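A single chain, nothing else alongside it, follows as structure tokens in the form predicted alone.
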């Protein structure tokens, strides 16, 4: 995701510096785009007015923010496009505020394709002033840019999205397994139903993986499982357990235990397909 986003920033002249925990990745992208390779996050913050973060989990975001702090300055805006908890977003914002810097939690949706094509949906939390100042950067990475409210609201919106994704991928996988068991030509199923009332982004873009039985990493199982863990914890605050979240996490545990954690979440099709095998009867 981050590489596609960085390339789109470079296309409009907004990528001035790079840093990555894997130095070889930073140097490769720097050679491609001409962006300066910062020695560390603090140097990156000191030399720029806006810094975009895209990592994996709460601890990663807070770790990068802490590394940025020595170079943070009044007027700096840190945009975090990771998917983390709303609480982590609020903590990151508080740490940066002590240095006069602003923070926007801006998780994204649209997959690696959306990041590559610059058409991500970006849901933002933070002050309206910081959001407007950061708009040119956000618009270079996405097509639908929405200020949802104060800090943490971007992440709460993304959690909502991840619950929807869990339900949709479950339904798509189940439907495709049923279609296969019925002996239907799966390519024609995808072409026809992709234009019907039951269609979705996941059906159009991931049902072909199921038809081919190949699940290249797009949205990895282990990362969606992490996100659904966040949803579980946030729902628990309300005293609620969400059935779609819990069932999907159970399926993901099976997949990860079987070595499929780094495959796309459409690999859940394998569990649905197995239900129709003779051994399942």
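Numbering follows the first chain given and starts at 1. For clarity, every value in this text was computed on a predicted model and none was experimentally measured.
Below, we refer to the form predicted together with a further copy of the same chain, which is not included among the displayed structures.
Do residue 182 and a further copy of the same chain come within 4.5 Å of each other in the predicted complex, heavy atoms counted?
Yes, residue 182 lies within 4.5 Å of a further copy of the same chain in the predicted complex.
Does residue 32 reach a further copy of the same chain in the predicted complex, with heavy atoms at most 4.5 Å apart?
The answer is no: residue 32 has no heavy atom within 4.5 Å of a further copy of the same chain.
So, in the predicted complex, is residue 260 in contact with a further copy of the same chain at a 4.5 angstroms heavy atom limit?
Heavy-atom contact with a further copy of the same chain at 4.5 Å: absent for residue 260.
Answer for residue 244 alone: is it within 4.5 Å of a further copy of the same chain in the predicted complex, judged on heavy atom distances?
Residue 244 belongs to the contact set for a further copy of the same chain.
Judged by heavy atoms and a 4.5 Å cut-off, are 167, 193 and 272 together in contact with a further copy of the same chain in the predicted complex?
Every listed residue reaches a further copy of the same chain in the predicted complex, so yes.
Mind telling me which stretch in 96 to 104, 134 to 142, 199 to 207, 71 to 79 gets its heavy atoms within 4.5 Å of a further copy of the same chain in the predicted complex?
The contacting stretch is 199 to 207.
Heavy atom within 4.5 Å of a further copy of the same chain in the predicted complex: which of 120, 84, 92, 123?
Partner contact (heavy atom, 4.5 Å) among the options: 123.
With the partner left out here, which residues of 145 to 168 have a non-hydrogen atom within 4.5 Å of a further copy of the same chain in the predicted complex?
Read in sequence order, the residues that approach a further copy of the same chain (within 4.5 Å, in the predicted complex) are 146, 147, 148, 153, 156, 157, 159, 160, 161, 163, 164, 165, 167, 168.
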